[in-house]
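Read the single chain below, which is given as structure tokens and is the form predicted on its own.
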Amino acid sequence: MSKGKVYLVGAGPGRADLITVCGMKAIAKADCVVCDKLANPALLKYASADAEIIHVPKRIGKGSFGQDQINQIIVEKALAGKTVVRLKGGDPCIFGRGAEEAKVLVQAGIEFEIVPGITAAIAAAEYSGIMLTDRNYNSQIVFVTGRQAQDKKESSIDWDLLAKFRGTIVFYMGMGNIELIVSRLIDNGMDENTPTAIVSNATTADQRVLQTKLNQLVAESRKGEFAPPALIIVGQTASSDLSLNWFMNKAMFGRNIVVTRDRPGNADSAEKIAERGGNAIEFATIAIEPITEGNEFLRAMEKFNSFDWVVFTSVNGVRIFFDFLKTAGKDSRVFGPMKIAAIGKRTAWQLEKFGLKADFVPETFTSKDLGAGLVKFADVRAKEVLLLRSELANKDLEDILVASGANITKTSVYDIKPVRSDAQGLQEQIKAGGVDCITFASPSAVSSFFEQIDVELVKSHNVIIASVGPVTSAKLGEVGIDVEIQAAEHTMDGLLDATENYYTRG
């Protein structure tokens, strides 16, 4: 059996999309991913469905792994012919044991590749507006470990040099030894008024920053209850102007936003919320189930060539319809000269992925506006119109088109089923004040959510409610919930825009 290959991949500092493209590609082709605790678990979505995932947390305690155990795992998997990704927080070779793992692989005769990652010092500084270099007063940086190997007899840290260093010093893993770090620097001659900073949970919605003086660092960090993962920055750059803290100045920064779509939809929304500085709490309420094997749909497909217009009422409808075409060995050529209408921009964009441009998209993205707009845009009298929609779709679109003389064939391409999530966990978060906003993107999500979560609990804890549009808002009203935010553009992106604007005004 031929040996496999190992990729030592830097996962970046915390936020999932800060991984490199090269790192993402390595995960995608891996047979086995050996994953650090500090690597964002969201990165595992890039792994193939049949990839073996092995978590190797290195914290002290039950379930933790020693470095020798980790070395053994990656060697054994590679010797079994597997492509292995060793996914490590930050950069593999900046206090990440990358050198040790590479040496083990060399000794075993295993091919390896190192994929650099954004190291925590760079990310923590830049996500808090602290510039590690500044041509006006700092042209040098040093990275120092705040926790050396336990079996080391003598420290290799030159405290005398660091105390006199005229630049920026960044201590990794230093919170456990913060008193020692401060005392050694001051005892060796560093000015006790030197600016210092702590950045914890860098690049995430839980990021916190403390800026103070060296002689106050210990007391202030304890007062603020700062804990790992965190970095300590020492030097003039640590006194950076707070206006440069672009990330924490985002309107949605630190807000806990509940998303209530299906699981894939929630994952997509969570990424977008993270980009805006918020923290997504994923609470799936529905599941999208294709029903393209049903007789109604198949009968419509038998006469597909006879339609003048095909109307798509959702992104899910487009995705599932083209999954059907692929299974049937067909593609977008089946549309021929037909005209296509899409309920909104997102649905139209989804069509463009398959090489189709919608002929009509309404300015307001509701089924009623789609119908009203389409009959103004085109003469549909005696035209054959196919509606591809959800099993739960209302009759607004159908009624408008029938009243205008169109011959309607309606068929469902998917159904929406309620699903249950961790209701007790979410209710505890609400009670603890850990939920700022709950978003709803469909009436189905509203129904399923409030079958699991007590209405009065939500109302009594002043949770902001955000709705994708008037139909969803009406459903919320039916269950007794007031809507504070309603999207002007009735898409999930529009909903997030409206939520961000709400917090900007606030």
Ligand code: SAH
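Heads up: residue numbers just count along the shown sequence, starting at 1. Values in this document were obtained by computation on a predicted structure and should not be read as measured data.
The discussion below concerns the form predicted together with this ligand, not included here.
The stretch from 263-271, 165-173, 100-108, 325-333 that comes within 4.5 Å of this ligand in the model of the complex, counting heavy atoms only, is 165-173. Shown alone here, residue 349 lies farther than 4.5 Å from this ligand in the model of the complex, counting heavy atoms only.
Using a 4.5 angstroms threshold between heavy atoms, residue 42 stays clear of this ligand in the model of the complex. Under a 4.5 angstroms non-hydrogen atom cutoff, this ligand in the model of the complex has residue 230 among its neighbouring residues. The closest heavy atom approach of residue 221 to this ligand in the model of the complex falls outside 4.5 Å. Contact with this ligand in the model of the complex, judged by any heavy atom within 4.5 Å, is made by just one of 343, 85, 199, 238: 199. When this ligand is considered in the model of the complex, only one residue from 47, 38, 56, 453 comes within 4.5 Å through any heavy atom, namely 38. Using a 4.5 Å cut-off on any heavy atom, the residues of 81-110 that reach this ligand in the model of the complex are, in sequence order, 89, 90, 91, 94, 95, 96.
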